[in-house]
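Quick setup: one chain, the form predicted on its own, written in structure tokens, and binding and motion questions come after.
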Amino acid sequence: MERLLNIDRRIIFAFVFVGVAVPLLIDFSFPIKPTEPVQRVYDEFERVASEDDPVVLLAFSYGASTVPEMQPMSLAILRHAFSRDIKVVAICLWPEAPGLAQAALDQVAGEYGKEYGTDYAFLGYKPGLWAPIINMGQDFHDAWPRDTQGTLVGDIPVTANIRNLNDFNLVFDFAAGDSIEFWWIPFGVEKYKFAFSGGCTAVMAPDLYPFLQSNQLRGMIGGLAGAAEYEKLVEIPGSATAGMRAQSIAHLIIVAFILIGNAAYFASRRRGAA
């Protein structure tokens, strides 16, 4: 019992390392059941796909520190959109986001053979937090006059007929901060009444449930688990599914050590009392 109570922490670290490394190297899966908020996002994109000449606006509002959670989510959403021939217009409201957004767009557009300008466009970053949202609601071309290549937005086929936020079939924000509840909903959804959904880090998700209940947010993907659920819905396993394997095994190892430690503690107390 003394050995269990005083186990070398390096042994625990070694178990956790193996628990993370092995699931990333070996292909297996745990059952993944999509939750209602994630299912609602999927249903929104399916609704959009059934409409004529659908176009969605994707706002990238995250940086390098949240890539493990947010980038798999971005890839899953882009794969769903491109697989259903939904056109995509991408913007960035965080200064760190352009490189991450460009990488995701290039990767998935290459997978589906999508053509820049006809099937998607990338307009880059604009500062101002909620100010660009208000501007887009009034005049989209005034808010984003050119794309990242310097082409006039009016000359790009996918954005030529977009005049304001209501011309998008859906707006989706990938949020690592408070852009959903403090930027998009008060200055966008409430003012211009467009369809809006979002994805966020796991720690942010509980704060957004009231907006789901009020339908100001028509679905939410929360963290790596939510991204894995979305990969399940679109039937394209990716890095989120692999990451959840490692995360789940690591959690089981930690729980096992907690149980072993508590069992050893109570057993030692009984022995001392005897």
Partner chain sequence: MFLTRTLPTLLAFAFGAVAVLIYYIPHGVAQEIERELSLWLRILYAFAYFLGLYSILNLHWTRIQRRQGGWAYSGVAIASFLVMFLFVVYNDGAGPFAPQASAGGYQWMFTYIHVACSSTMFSMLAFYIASAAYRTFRARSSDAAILLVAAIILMVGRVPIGHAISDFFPEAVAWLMEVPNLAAKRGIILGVSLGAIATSLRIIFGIERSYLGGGDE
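Positions refer to the first chain, counted from 1. Definition used throughout: the rigid core is the maximal C-alpha set that superposes within 1.5 Å between two forms. Bear in mind the structure is a predicted one, so any value in this text is a computation, not a measurement.
Although not depicted, the form predicted in complex with the partner chain is the subject of the following passage.
Undergrad: Partner absent here, but in the predicted complex, which of 166-174, 92-100, 78-86, 112-120 has residues with a heavy atom within 4.5 Å of the partner chain?
TA: In short, 92-100.
Undergrad: Though only this chain appears here, would residue 194 touch the partner chain in the predicted complex if you measure heavy atom gaps against 4.5 Å?
TA: It does not: once the partner chain is placed as it appears in the predicted complex, residue 194 has no heavy atom within 4.5 Å of it.
Undergrad: Hey, in the predicted complex, is residue 236 touching the partner chain, heavy atoms inside 4.5 Å?
TA: Taking the distances in the predicted complex, the answer for residue 236 is no, it never comes within 4.5 Å of the partner chain.
Undergrad: Though only this chain appears here, would residue 68 touch the partner chain in the predicted complex if you measure heavy atom gaps against 4.5 Å?
TA: Yes, residue 68 is a contact residue.
Undergrad: Would residue 35 sit within 4.5 Å of the partner chain in the predicted complex, counting heavy atoms only?
TA: Taking the distances in the predicted complex, the answer for residue 35 is yes, it comes within 4.5 Å of the partner chain.
Undergrad: From first to last in sequence, which residues of 218-245 have any non-hydrogen atom within 4.5 angstroms of the partner chain in the predicted complex?
TA: The stretch touches the partner through 222, 225, 226, 229, 244.
Undergrad: When you overlay the rigid core, is the Cα of residue 212 off by 2 Å or more between this form and the one not shown?
TA: Shift of 2 Å or more: no.
Undergrad: So with the core overlaid, does the Cα of residue 242 end up 2 Å or more away between this form and the one not shown?
TA: No.
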